[in-house]
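Take a look at this single chain, the form predicted on its own, given in structure tokens.
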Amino acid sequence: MIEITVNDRLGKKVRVKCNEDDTIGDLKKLIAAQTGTRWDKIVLKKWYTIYKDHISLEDYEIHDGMNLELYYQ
């Protein structure tokens, strides 16, 4: 289990626990459950990299304690 912090820079900061073999889509669903938004309206970024739903966290080298940027579509 790893813990990822997601910040939307509008005052909402969410910490999510998930597995490294989960996909970005699974992570979005966990974030949506905590924030109350629809998972398909969430965009996750790190700098200028937009993460795609079907690729796993370990393929993107997302590790425990990482921060991601949360945007709404």
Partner chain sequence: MANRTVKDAHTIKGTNPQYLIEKIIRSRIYDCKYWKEECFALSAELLVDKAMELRYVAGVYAGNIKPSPFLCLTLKMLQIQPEKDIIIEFIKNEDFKYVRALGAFYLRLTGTALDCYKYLEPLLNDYRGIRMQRRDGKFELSHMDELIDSLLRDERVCDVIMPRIQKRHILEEMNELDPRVSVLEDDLEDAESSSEEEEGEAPPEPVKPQENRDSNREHRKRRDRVDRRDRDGSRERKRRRSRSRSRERRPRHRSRDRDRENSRRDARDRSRDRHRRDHRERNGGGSGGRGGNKDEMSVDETNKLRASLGLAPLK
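Residue numbers count along the first chain shown, from 1. Just so it is clear, the model here is predicted, and its values are computed rather than measured.
As for the form predicted together with the partner chain, it is not shown, yet the points below apply to it.
The three residues I24, G65 and L70 each lack any heavy atom within 4.5 Å of the partner chain in the model of the complex. Using a 4.5 angstroms limit between non-hydrogen atoms, K46 is distant from the partner chain in the model of the complex. Put simply, R15 is close to the partner chain in the model of the complex: some heavy atom of it is within 4.5 Å.
Using a 4.5 angstroms threshold between heavy atoms, I50 counts as touching the partner chain in the model of the complex. In the model of the complex, the partner chain lies within 4.5 angstroms of at least one heavy atom of each of the following residues of 21-52: D21, D22, D26, K29, L30, A33, Q34, T35, G36, R38, D40, K41, V43, I50, in sequence order.
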